[in-house]
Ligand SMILES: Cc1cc2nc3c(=O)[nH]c(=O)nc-3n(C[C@H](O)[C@H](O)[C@H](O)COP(=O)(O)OP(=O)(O)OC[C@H]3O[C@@H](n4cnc5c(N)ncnc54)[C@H](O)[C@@H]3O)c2cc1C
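Below sits a lone chain in structure tokens, taken as the form predicted alone.
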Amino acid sequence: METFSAEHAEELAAIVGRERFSTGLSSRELHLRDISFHRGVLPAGIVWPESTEEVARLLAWAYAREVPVTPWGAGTSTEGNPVPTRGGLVVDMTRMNRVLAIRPQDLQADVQPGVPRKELNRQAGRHGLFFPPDPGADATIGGMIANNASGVQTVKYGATRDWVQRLTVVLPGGSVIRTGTLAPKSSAGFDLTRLFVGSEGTLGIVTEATLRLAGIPGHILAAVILFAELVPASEAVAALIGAGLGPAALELLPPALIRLMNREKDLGLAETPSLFCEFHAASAAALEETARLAREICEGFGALEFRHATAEAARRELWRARHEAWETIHRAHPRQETLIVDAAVPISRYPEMVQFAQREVEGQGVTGYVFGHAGDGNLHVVLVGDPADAAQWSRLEAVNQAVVERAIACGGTCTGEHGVGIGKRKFMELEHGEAYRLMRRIKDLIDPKGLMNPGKIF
């Protein structure tokens, strides 16, 4: 559905007001793609609700008229997760952007889904607290819940699902449910909260969330560890984890990516395989002891150099460069698109996957950067090419296919943090088998008309 009748447009405008409903071409085109190469079908209109009640009325309206609905957050997804595949109505949640309450004594915050992650942390920071999942992009909380986003600190703090306590969800047809409690734990039946985390808007729209918060660490140490080869660097990862040092972040970067980062940020980093690490502790003495042990472990794997610092400015610049790795790659290859491999495997298989991915990139003769969140087994391969060049793009797809198949054979997953969206749908049955068919039945039970974010996951 790419157009609304005058009657339908009037009905939608009556729900939210004319100023928060648009059929203008510019608004519709702005909601046609996320940051990936995936392109959608032009939606018929965009609506900006401001309350659970408005979302409920919108979904009731859409279900009665069989209009496809696509929820939208910040548009920072990498797999076409919020891209409308059947036109219809895009429900842009960015006007529901209030932090409703912060309860420091409970380490909890109540938020609307359009709250950007950084804004939540600005407000929580006044109480000495923060929301740990850190995907790099300033994603909205609703988008992070939809994709079960994680990021560089997953190795210590876990993914978004580990920090969601309670949800308010509007189901297809407009009914409203609330899942979870404010208690730290519960054994009362099915964990419906986790059912909706990672469902990518295919089961309903989250309109409010209670999130757990953590105390901001008192002392932080960042380290850059240099190696001669990529494989020993990846092998040191399991040893650092197994030693119980509890890194908050543990990233593997190849020379080619560091070269781009140096060129763009003037970081002055050695262009050799490197681990970027961060450790959190209650005291400076504990950090120094951690750094000493980490150095000994890495030297056992042939580390050339171990640099560490606790200065905040240097740490922030280092991690800002890492967070912007995708943008850096994109800017270095103008007029090209990226296909991102997001596989994850058990830590013990990570070195094997790094070697395998590097061989596939070289074997196919394509441009690709092999790196990732090594501490939690999450391997990224950012492949660069032109989708209009069918032969070249097929080689990128071949690398993607081979790496994902190998990851699944290792007991891993096709997507560690980016979600399924459009790009990873083809791997779902391979990964889940009969369980994938159960997911389909759950989807059909909750959304029998198949109108909620159609074309995603399934």
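Source: prediction; values computed, not measured. Residue numbers here begin at 1 and follow the sequence given.
This protein has a second form, the form predicted in complex with the ligand, left out of what is shown; the following refers to that one.
Interface residue remark: His323 is counted as part of the site for the ligand in the model of the complex, having a heavy atom within 4.5 Å. Remark: Ile35 counts among the residues lining the ligand in the model of the complex, judged by a heavy atom distance of 4.5 Å or less. Contact between Pro71 and the ligand in the model of the complex is found at the 4.5 Å heavy atom cutoff. Among residues of the shown chain, Gly375 is not one whose heavy atoms approach the ligand to within 4.5 Å in the model of the complex. Heavy atoms within 4.5 Å of the ligand in the model of the complex map, among the stretches 384-392, 79-87, 100-108, 234-242, onto 79-87 alone.
Contact with the ligand in the model of the complex, defined as a heavy atom within 4.5 Å, holds for exactly one of Ser274, Ser150, Thr210, Thr290, namely Ser150.
This chain is drawn without the ligand; in the model of the complex, the residue among Val370, Cys298, Val345, Ile205 with a heavy atom within 4.5 Å of it is Ile205. If you take 136-162 and check each residue for a heavy atom within 4.5 Å of the ligand in the model of the complex, you get Ala137, Ala139, Thr140, Gly142, Gly143, Met144, Ala146, Asn147, Ala149, Ser150, Gly151, in sequence order.
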